[in-house]
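The data below hold one chain only, encoded as structure tokens and taken in the form predicted on its own.
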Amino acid sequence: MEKVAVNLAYLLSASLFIFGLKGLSHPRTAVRGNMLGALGMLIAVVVTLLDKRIVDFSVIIAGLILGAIIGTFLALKVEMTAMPQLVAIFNGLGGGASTLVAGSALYESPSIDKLFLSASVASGIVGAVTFFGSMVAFGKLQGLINERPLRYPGEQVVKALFGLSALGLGAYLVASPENLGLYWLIVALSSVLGVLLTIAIGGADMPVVIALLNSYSGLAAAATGFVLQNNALIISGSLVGASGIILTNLMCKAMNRSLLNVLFGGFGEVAQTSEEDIYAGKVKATSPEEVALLLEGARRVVIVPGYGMAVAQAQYAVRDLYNLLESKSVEVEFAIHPVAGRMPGHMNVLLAEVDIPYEKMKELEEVNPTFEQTDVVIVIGANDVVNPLAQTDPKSPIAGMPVLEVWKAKTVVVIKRSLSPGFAGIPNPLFAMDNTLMLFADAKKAVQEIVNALKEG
């Protein structure tokens, strides 16, 4: 009867996870969805702790206290601009925990069958790849590691050797349970594989990588659920894994690339195209005062946020500009590219932080047809997602990638520190177009000066 009650509680928990995910699919219900998911996890944790198989609570209580302290500190200190890094760490910790739990269960289990061993090996491999891959992703996002992809001759062969070696040893361990020490060798090989897989991916692909690592952490948790025979862990891990794969696929479609190309392609390498042919004598610089004059006569303005806005923490200044233009009866919308920033929904999160209405955030398919009726487009720190080479150059690294067609507007203002290329490593002809003005400055400072000029006018 007790086992039935536990499983019913896990079923309730899983149902809350599903409703929580459904709520997270729309900004208006996201908070409620988050709360439902948290409630489901609370039920699962409490029921697991009350299960009589738990015999020693001292370590668990210590972990809860330590986790609460760390969680509170992170919640108070981590800026919204650093959210991608935090997500990468969370993914990694989930994978690392799965690896350690599976390894511990492997040594403590009185009976070892094939299913148990197979699940343990899967948890060890996927968990280790997730942990070390996520740490590399964190390093790239934080600027501790060069965001350009690290390429070298024969890299795919090296990755294949580590991957096949881990799988081969895993199969041998399943067939020969007496060699439990092989588990940690499998984990070591998988750890190196996680580093190799992620170090070779460029910064432009970070949204895809974050989504994929999130999926990995869920799959590792699901495998650990089979190790522990815990239904809640199996279901929740499967949900995270499946949703992560779906999101990864959506991100790949937004870039018009396959997942294999993201993992093994060369996107983000430095291009050989000369910038002189594109920019020479064609780039027109502007000033905040001139931009303010343009906005004074505009009736429709679209703002395109990019990673540069996040780095400069310019979202508050952008909010002030939005409020000021709205007060002058100017129609203002935000064009959001699916892979702008460093994680899925990065720009949406930053704009929501400063209370920009959800209905003002327009997706690519919705906003592209409206650019021809737009007076001024303000591009803030975006590059590759507004590059027309995606449509005009079939040999470009971003060829076929859906982009925001901002050049169709009457005037385009690009706020950027310099003409340096984005992570695709290619120049952007938009910067040299006849209807484009370049405002070379820090995004936060530039937007604030535009606001001041509008107020003075």
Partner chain sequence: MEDFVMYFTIFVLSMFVGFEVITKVPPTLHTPLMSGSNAISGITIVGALISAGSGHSLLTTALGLIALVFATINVVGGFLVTHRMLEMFRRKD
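Residue numbers count along the first chain shown, from 1. Think of the rigid core as the biggest set of C-alphas that the two forms share within 1.5 Å after superposition. If you're wondering where the values come from, they're calculated on a predicted model, not measured in any experiment.
This protein has a second form, the form predicted together with the partner chain, left out of what is shown; the following refers to that one.
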Completion exercise
Students should find that, of P149, G308, G94, G170, the residue having a non-hydrogen atom no more than 4.5 angstroms from the partner chain in the predicted bound form is G94
Practice task
Find the only residue in E372, E289, E363, E326 having a heavy atom within 4.5 Å of the partner chain in the predicted bound form.
Solution key: E363
Problem - Contact test in the predicted bound form: H346 vs the partner chain, heavy atoms, 4.5 Å - result: yes
Handout entry: in the predicted bound form, K22 touching the partner chain (heavy atom, 4.5 Å)
Key = yes
Problem - Proximity of G154 to the partner chain in the predicted bound form, heavy atoms at 4.5 Å - result: no
Problem - Partner proximity in the predicted bound form: I18 to the partner chain, non-hydrogen atom cutoff 4.5 Å - result: yes
Practice task
Have a look at 382 to 390, 193 to 201, 223 to 231, 159 to 167 and name the one stretch with heavy atoms inside 4.5 Å of the partner chain in the predicted bound form.
Solution key: 223 to 231
Problem - All of H26, A44 and L100 with a heavy atom within 4.5 Å of the partner chain in the predicted bound form - result: yes
Exercise for the section: Can you tell me which bits of 119 to 140 touch the partner chain in the predicted bound form, meaning any heavy atom within 4.5 Å? Expected result: F131
Problem - Yes/no, P27 Cα shift of 2 Å or more between this form and the one not shown with rigid core fixed - result: yes
